[in-house]
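The chain that follows stands alone, in the form predicted on its own, written as structure tokens.
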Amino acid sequence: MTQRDYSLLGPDAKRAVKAGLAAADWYHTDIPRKDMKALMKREDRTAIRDTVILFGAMAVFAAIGIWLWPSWWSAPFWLAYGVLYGSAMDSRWHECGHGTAFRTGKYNDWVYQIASFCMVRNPVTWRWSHARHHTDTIIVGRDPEIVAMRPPALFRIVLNFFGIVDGLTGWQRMLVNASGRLDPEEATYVPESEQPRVIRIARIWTAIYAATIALALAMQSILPLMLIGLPRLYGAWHHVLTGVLQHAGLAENVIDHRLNSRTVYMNRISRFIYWNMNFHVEHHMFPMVPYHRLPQLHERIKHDLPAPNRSIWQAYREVLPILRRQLGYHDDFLTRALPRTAQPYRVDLHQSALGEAETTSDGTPKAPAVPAH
């Protein structure tokens, strides 16, 4: 396997810029302007409904959990509360960070701030981090949000099912920021003018956590932490389960989202928690389309996209063999076949990346080649 440096300060970052992969001209499916305008139309009603359901359910589950505390009968309600706190907030952070969930800007800002706190992601830092992720999606040395690296850090991913690595990293960075400093990698994408806000928010959060811990000590109970903090750990499993599928096992250093992103059909509950981010190729192609219109967008452009995975489990049956071979230091990745109605991949831009060993959809190795109809 070719050695890769995924840090934003290493040699691969410089190579990506030199190769023209940074802030490149990405492929987009052609959609008439009128249709695109309709798909991008924002509204408050759907997001307000979903937000009321989310926070209402959290309040009910927390109230029952407190009422039954410390009996084990409270466990199912804490687990449900945790998934909404530690997983549903991930998608709310994401969509409201894009500013597309609500038509009213302040509603996006309010939910974004709450979700950022729950996920322990500084709302200033991560807004810029995610902008970079969309500009340079899965470009090694440029994208700060690559989860499944090569070779994949499977132990890290497993730990994150319990929120351990990302949660602890978030709290560590919160304390670093509260001390008046930024991580060196953060400083590469957060403008200097925004850095005082990063520090101010980190200090507010630190005060909230300090008050919560003080209350837990005074009560001699972890109950306050079951409401604030710990759900980031015990409720993280769903957002990791679904989030890994976004890009894992697919091509790096390409500028066509059909090569590096994955759409997966999911059940209604997972789609509510995930806010339709299972339509991930569509989201990356057109990030300004609101989450509730992504199914419509999918129907509009599916003629130009690889066939979606039929379920979470079918997607993992496809991904895991690839990750297993990558774990053995093979440079395999999955290139998904396009339908005959699709525009071909841009050969001129992807020839070098696709010169690596590939695998077909069923996991069978094949000779390096540029995908074709």
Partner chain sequence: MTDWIDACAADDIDEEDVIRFDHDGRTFAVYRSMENDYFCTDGFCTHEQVHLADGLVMDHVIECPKHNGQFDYRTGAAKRSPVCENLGTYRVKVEGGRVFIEL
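This structure is a prediction, so every number in the text was calculated from the model and none was measured. Positions refer to the first chain, counted from 1.
Separately, the form predicted together with the partner chain exists; it is not shown, and the next lines address it.
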Do all of 62, 86 and 92 end up near the partner chain in the predicted bound form, with near meaning a heavy atom within 4.5 Å? no
Would you classify residue 295 as touching the partner chain in the predicted bound form, given a 4.5 Å non-hydrogen atom cut-off? no
Using the partner position in the predicted bound form, report whether residue 164 sits within 4.5 Å of the partner chain, counting heavy atoms only. no
The partner chain contact at residue 184 in the predicted bound form, heavy atom, 4.5 Å: no
Is residue 134 a contact residue for the partner chain in the predicted bound form, using a 4.5 Å heavy atom cut-off? yes
Of 147 to 155, 284 to 292, 237 to 245, 175 to 183, which is the one stretch near the partner chain in the predicted bound form, taking non-hydrogen atoms within 4.5 angstroms as near? 284 to 292
Interface check vs the partner chain in the predicted bound form: of 259, 96, 119, 273, the one with a heavy atom inside 4.5 Å is 96
With the partner chain left out of view, choose which of 40, 307, 66, 52 has a non-hydrogen atom within 4.5 angstroms of it in the predicted bound form. 40
Partner contacts in the predicted bound form for 21 to 41 (non-hydrogen atom within 4.5 angstroms of the partner chain): 23, 26, 33, 37, 40
